[in-house]
Each structure stands twice: as structure tokens, then as C-alpha cells.
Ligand SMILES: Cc1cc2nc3c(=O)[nH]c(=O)nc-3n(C[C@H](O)[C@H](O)[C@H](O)COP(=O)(O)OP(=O)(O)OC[C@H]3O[C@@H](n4cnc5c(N)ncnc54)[C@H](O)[C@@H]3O)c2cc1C
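Encoded as C-alpha cells, the following chain is the form predicted alone, with no partner shown.
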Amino acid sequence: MKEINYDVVVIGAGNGGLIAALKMAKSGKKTLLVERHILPGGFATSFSRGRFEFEASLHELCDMGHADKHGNLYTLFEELGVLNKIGFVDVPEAFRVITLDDHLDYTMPFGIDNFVNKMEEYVLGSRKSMETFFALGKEISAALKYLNVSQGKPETKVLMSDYPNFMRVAAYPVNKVLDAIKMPKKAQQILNTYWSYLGAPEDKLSFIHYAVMVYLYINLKAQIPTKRSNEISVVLAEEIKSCGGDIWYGREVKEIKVDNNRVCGVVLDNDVLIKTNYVISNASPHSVYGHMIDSKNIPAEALQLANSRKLSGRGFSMFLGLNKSKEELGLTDYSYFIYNSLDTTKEFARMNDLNNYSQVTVCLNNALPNCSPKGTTIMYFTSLYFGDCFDKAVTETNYFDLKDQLAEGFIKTFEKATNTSIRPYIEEIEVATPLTYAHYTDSPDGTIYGYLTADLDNMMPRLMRMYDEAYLNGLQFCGGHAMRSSGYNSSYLSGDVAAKLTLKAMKEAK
């Protein structure tokens, strides 16, 4: 068996893996990034059909911002030397939400003052509670930065003196806090539109998780890369190589070798042994513990945690290239949240039904007018399934018919909700199901949201534990199944955290 030595091996060139590998390479470590696909990015990629280039997954980044007011992702890209190599543009509005059951229709702007004023127009008497919500969001954002600086070991006195409201709300779900600040129910329902971005309803979703996400969105606006998320992935991959790191595409890690509770190497599918004491995995714990490590070498606590976690939403996406312009089609908004109702608990339950056609749909041309040929439009449809409703419905013989049935349902639902007609103008269509995502990314059951961030497995416990010693010495996780939960922002930042923890372990081992 051929043997090669590396300081660190990163498994998977998804968002977290790319950042982790770049951070390690920039720190002077001999770094190998192993990716089983022939391209970097994982979910962060694009593909072409006919004369259209489609974005595989990204809707927008909420923690980016601009030079005068920026977020953690801006800072991270700047530190890694890639910020000026990627073009970004703001999306025009926060969201438009439409309900099918009672025909409600609200459009909300970016900017805290603008958002609060618009909410007051929709819900008279909501201003004070909305201002309180954003003040909490600002304090939570600052508190989370302190937790990051303190590496999960904050001083209680500092938390109590500097972030008292953070301490008061940290243990509660969204609905409890919004009720406590006396926010009118209708305002709560509009505010909670983004719930599906985290994949948990308001009575199970941590308030600090939701509040900081909404605060970042509304305060910093939201951005998308001008050349799709693939632009970010390619730039990160090129920067890794320019810093001396290696990327091996079309290779898969077959085994992570462990000796005395310590990583000692990885074996690839071509039987090459990479000797290393440090592995950062963008692949999920389910994949690592289930396929890459001998069961006798997996710590009981690690296996117990992985088995106790629930998988979040399984992904369904549809990509349309239309041969009419957005003006001709009457598509005036960038993002359309279409639900049956604004009751998040009911909507979450409905996502266990394959015939539920609630969706988040994006008209990309409203942010990037030239993203498709003149006189055409690009649209992305995304929805989630929970439980095994898709698995129960699909067979080897009905798969393509089922895809057609689902596509038809989502298109009809969009047309009904927006009073537009798009079906006659479809030039290109592609449909991705949970099976598609499982095939291309090795995501368990095709989940696109990692582990469900709800109840006891919410943001706070994950953040407080992420700086603890790894169950297996030398093994860290990043990406959507890691400590910061799913989403582009979280995945990128998780790669940074995993690299920092690995560098710290390397220093302490000397």
C-alpha cells in the first residue's frame, strides 16, 4: 500500500471543508483536501441546461454585508484573502410571503427602521415589540461574538453584566419570547416567515438562533455572488492550491484509521494510505461513523450523540429556465415564501405530506438581471420533506413520474398564489429530489439542513460544546451537520472553527 504524509486531511470540498482546508494551508500546514466529486462546492455549485446556468442551492447570504457595515462572513473572507476575488450584489427585498388558505400577502423590506415601519402598516401597534425584537437581536449577535472569542468558556459575570437579555432568552423557543415581549400574533406570524430557512417551527426553534438570523438579514441586507455560489467554491479551491494545499478530486475516503482513540491516517478508495493525526470532515457524523471508522474505535458518547440526533428537512428543488422576461411574466419580487398558512407548527407538520406544495421560490433575475439570456428568466423552487414520506412514495419504476407529478404541483401552486402564468414558457426544467442530494453529496436521506436544530439540540448547546475536546483525538467536523448547524453562513464559519480547533490541538501536541 502506497503511503503519503500530510499534517491534516480534510474530507469533502463542501463549504465547510473548503474554508477549513484554506485556513490550514494558510497556516503553513501540509494540507490535503479529498473530494469524491470532480468539482468543489458540494451544494455550492451550479450546472447548465441548454442556455441557462442554474444555481444548485443558494438563496442568499445573511452574514455578509458591506465594508461600512459587515458581518462575520465578510470578515472571514477578508482574512482568508478571497473577499476581493468574489463579486456580490444585494437582493432587493427581504421577502414576500403569500398564504394559500386565507390569501394573505405581505412584502417586507431590508433595514431595521424600514422593516419596523412596514410592520406597523400591516399590524397597527406592533412597533414597540418589533423594536424590542431587533434590540434583542443586536444584543444576541454581540453575545455570540463574545462566546466565540471566549472559545465556549465565557465568564458568567461578563454575560450577566454585558448581555443580560441574552441570558434571559437563551433557554426559550421563539414563540415564548415573542409572547413575552407582547408582540401581536399577526406580527409574529409575518416575522416568522424565515422559519423554513432553519427547518423548525416557532415552538421548537431556539429564539437566539432565529433572532440573530433575522437581525443579520434585516440589518446587513442579503447578498448573492454575481456568478452563483460556484464562484465562491472555485475561488476558495484556487486559493487553497495557491497556498500550497493539495486537492484530490474523484477520490473517496474509505477508512479513517484510529489507534488508541487517536486518528492516525486515512485510506482512500485507491488504497493509498495518508498518514496524518488530524482529520476535518465535511462529511456528516452519520457517514463517518457508519462507513469510515471501525465500530470498535468509535467512542460510545460520539455514537450516542449521532444516533440521538434527528435529521432535518430532505430537499426538493426545481429549476426553471423560462423563455419570457420577468417583466413579461409579471414576476416583481426576488423571493416568494408560499405557505398554506402562517402557522409554523401546522406548516411543519404538513411537510410530512408529499402533497404539500409550500415553497420558497426565487426569481434570480430580480437580483441579477443578466443572469440569463435577454428575454429569459431563471427561477428556483425549494421545499422540504420531513420523515419518510418521500421514501414511502418512491419506487424504482415510478421515480420519474413522481418527479413530474411534484413539479406540476409546485408550478400550479406558484401560479395560483401569485396570479401569474409560467408553465407555457418553460424552456428548461430540472428537478432534484432527496435521492438527488443523497447521490451527489452523500447527505443522509438527502437532507439539506443537517441535523434538526430544535428542542434540546438547539443552537446554544451546540455552541457551548463546540470548543470541547473532540470525542476522537484529531477528528473535527464542519459543514451542515456540524456545530453551527446548516446554511451557507454557518457552514463556512464552521470550517473556520474546525480549523482553529485543529491548529490549537497541533500546538498543544508539540
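Residue numbers here begin at 1 and follow the sequence given. Everything numeric here is computed off the predicted structure, so don't read it as measured data.
What follows is about the form predicted in complex with the named molecule, which we do not show.
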The named molecule in the predicted complex: contacted by all of G14, V34 and I448, heavy atom 4.5 Å: yes
Listed range touching the named molecule, judged in the predicted complex by heavy atoms within 4.5 Å, from 64 to 72, 452 to 460, 24 to 32, 481 to 489: 481 to 489
Select from the listed residues V253, I247, I422, L220 the one whose heavy atoms reach within 4.5 Å of the named molecule in the predicted complex. V253
Could you work out which of Y437, F166, Y336, Y385 is the residue within 4.5 angstroms of the named molecule in the predicted complex, going by heavy atoms? Y437
Against the named molecule in the predicted complex, would F43 count as a contact residue? Criterion: heavy atoms within 4.5 Å. yes
Can any non-hydrogen atom of A283 be found within 4.5 angstroms of the named molecule in the predicted complex? yes
Check whether M466 has any heavy atom within 4.5 Å of a heavy atom of the named molecule in the predicted complex, and answer yes or no. no
Mark M292 yes when one of its heavy atoms lies within 4.5 Å of a heavy atom of the named molecule in the predicted complex, and no otherwise. yes
Partner contacts for 46 to 67, taking the named molecule in the predicted complex and a 4.5 Å heavy atom cut-off: A56, S57, L58, H59, E60
